[in-house]
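Encoded as structure tokens, the following chain is the form predicted alone, with no partner shown.
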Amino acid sequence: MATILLTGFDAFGGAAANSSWDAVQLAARDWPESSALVTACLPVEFGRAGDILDDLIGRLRPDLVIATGVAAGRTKVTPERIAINLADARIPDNAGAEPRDEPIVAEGPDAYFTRLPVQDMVERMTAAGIPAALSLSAGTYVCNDTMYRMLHSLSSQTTLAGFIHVPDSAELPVASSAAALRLALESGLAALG
């Protein structure tokens, strides 16, 4: 049985909720028992979110990891192709950190590419009528920081892992984002064979 880890983030920037965590919880409801799905809500904090995710990966040893975050202003679900080694915050994180032009991992590579089958994920989402597109930028905030740290820690392993941004619930209903995440999970499981 495959083990899946699906994460979202807690609220930040004055918002009452985070659509990524709402979508994760909804996507996990009634998940089939043919695979073990573990969910977690990460803090919107540089470094700490990645450390918590790394600890979860070490304990669970999942076959598939999809971390999610909300992307304000986007109207489509966007699997991310690339995480870059740059932390550059436009607003402080929930612990007050506001890094500017800093590497995430000193001496780390400039970027990591996702290990998820992102083309297939987007095709499944659009076929289901959910607005979706590939994204070439996870930004420079905590989402990118978490994706980069995750892929860096998994660089010597074969775990399928990556990141998906969902729109804020004002742009796309949480139910649609949750349906997209379920399709992404199905795509990832299919890629595992």
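In this text, residue numbers run from 1 along the sequence as written. Bear in mind the structure is a predicted one, so any value in this text is a computation, not a measurement.
The same protein has a further form, the form predicted in complex with a small molecule, not shown here; the description that follows concerns it.
Note on contacts: among Cys143, Leu151, Ala27, Val65, the single residue with a heavy atom within 4.5 Å of the small molecule in the model of the complex is Cys143.
Note on the interface: of 153 to 161, 31 to 39, 134 to 142, 55 to 63, the segment with non-hydrogen atoms within 4.5 angstroms of the small molecule in the model of the complex is 134 to 142. Proximity of Pro79, Val118 and Ser187 to the small molecule in the model of the complex is absent: no residue of the three has a non-hydrogen atom within 4.5 angstroms. Residue contact with the small molecule in the model of the complex: Val70 places a heavy atom within 4.5 Å of it. At a distance threshold of 4.5 angstroms between non-hydrogen atoms, Ser20 is in contact with the small molecule in the model of the complex.
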